[in-house]
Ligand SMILES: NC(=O)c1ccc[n+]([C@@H]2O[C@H](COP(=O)([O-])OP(=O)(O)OC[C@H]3O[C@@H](n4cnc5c(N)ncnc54)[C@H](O)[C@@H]3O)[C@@H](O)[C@H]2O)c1
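The form predicted on its own is given below as one chain in structure tokens.
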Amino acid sequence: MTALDLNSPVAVVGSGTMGQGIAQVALVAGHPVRLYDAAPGRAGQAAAEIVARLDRLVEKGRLAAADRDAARGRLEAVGTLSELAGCGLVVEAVLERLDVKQQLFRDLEEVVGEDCLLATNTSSLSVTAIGGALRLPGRFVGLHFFNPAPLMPLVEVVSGSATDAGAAGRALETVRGWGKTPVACADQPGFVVNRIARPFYAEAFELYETRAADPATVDAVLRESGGFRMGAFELTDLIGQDVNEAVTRSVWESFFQDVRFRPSLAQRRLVESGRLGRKSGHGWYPYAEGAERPEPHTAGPEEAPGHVILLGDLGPAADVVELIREAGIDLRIEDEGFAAEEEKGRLVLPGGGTLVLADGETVGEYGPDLVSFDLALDYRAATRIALAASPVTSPDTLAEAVGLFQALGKKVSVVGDVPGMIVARTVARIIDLAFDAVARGVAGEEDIDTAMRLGVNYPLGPFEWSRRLGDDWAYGVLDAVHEREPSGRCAPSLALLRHAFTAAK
């Protein structure tokens, strides 16, 4: 399948932030671009804003002046839809209302030729439903750009139920020709990124609502241990609490209120209070000039234990063993009487207390005098580790656990005793939704990994994470969490169960 010829004009309908960004991408790629907005004079203003951004790129040395001049000559603001006749592609970026989009495309179909690709940039509405208003729905696709469109590399190319394979292929190659990374996906709620990213926010909000940890601590653990670029609370403040909550609610309602996608009451209250994040000056965090940002909980200094006994295999936390050796702490391996297939790997501290890697159980279930430590993307690179203790854990054992990780060069946050802690349960749920998406034909594994790395800057794609942690790791965590929180929200999918048990044979 070939991309749209560069001589073929591209039209963008809607001149807001996304419309301008998409127009700039097509313009810089070499297409003539026609920009239309229903508000009189708005398209002309938007065209001037695009040119101003191109000027800034020239000033920064990112665009040649000659290329800027050529692009400016290819950009045209138009006042009527009829002036879009002859375009090879029309991309819509207007109000997120189904009726508005449907009427727009009905009107466009009366103007453009039958070989013109029609595309919507919707992030939350059904591509199939929008295209259902068309006489020729086979040429209709979703082109979901991410904001800011000129900078973000990912574009989800969404096929509705009636989209022709040829139209989807042509759209995909056109986007690739524009220097973007397209991923092909089916028209299901949230597409790829907004579907699979829901647990990143949901688990953080759940931890806050159950008072397991405050926002600053959760964010710090997700960043400094989980390897995420931003924590869930600070990221939703950046996105806008109203925008993030609306996407969550849209996905939830589109899945007929599936509990796995349930919105957060705490976030709803934040939106109702007008605390929308950075744009309103306050969200989870304050942003007024001079406002002090809350600090994450960080344990005070403790002495490092003189020795540690290793029993069994720490699995995904095996690097902790090497870090203990490198820190000069006496590591003793005593596996005698340890049933590796039945018992969890653990570290025994000098006072007799034990440390285990978080799974889906609570700390108190393991027995008395125990501390759990959270999953890390890379224990060597992590700068913070979360610990959880039970009500019967002795203060001395907790102090020894804190001192151990501090001796390894880590800050320590002590959080509430919740199944799966912070990073482990979040990563497990992301992996689960990824397997479920593949099983339901949303997208392939490679495309999903690409989408999550490029669309939301995850340090690893879900399938990369699964391979690194072990084929049955995510299932084991979620199965245990679900047993303790039987709402169905964390219940592992059938696809994840099949993967875990197939891999075990």
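Fair warning: this is a prediction, and the values are worked out from it, not measured in the lab. When you see a residue number, it is the position in the sequence shown, counting from 1.
Another form exists, predicted in complex with the ligand; not displayed. Remarks below refer to it.
Picking from 55-63, 472-480, 38-46, 446-454 the stretch near the ligand in the predicted complex, with a 4.5 Å limit on heavy atoms, gives 38-46. For the candidate spot formed by A93, E96 and N147, every residue has a non-hydrogen atom within 4.5 angstroms of the ligand in the predicted complex. With the partner removed from view, the residue among A381, V100, V259, A85 that has a non-hydrogen atom within 4.5 Å of the ligand in the predicted complex turns out to be V100. Only one of S123, S264, T354, Q406 comes within 4.5 Å of the ligand in the predicted complex through a heavy atom, and that residue is S123. In the predicted complex, the ligand stays beyond 4.5 Å of every heavy atom belonging to C490. Interface membership of L104, defined by any non-hydrogen atom within 4.5 Å of the ligand in the predicted complex, is confirmed. Not displayed here, the ligand is kept clear of Q24 by more than 4.5 Å at the level of heavy atoms in the predicted complex.
With a 4.5 Å cutoff on heavy atoms, M18 counts as touching the ligand in the predicted complex.
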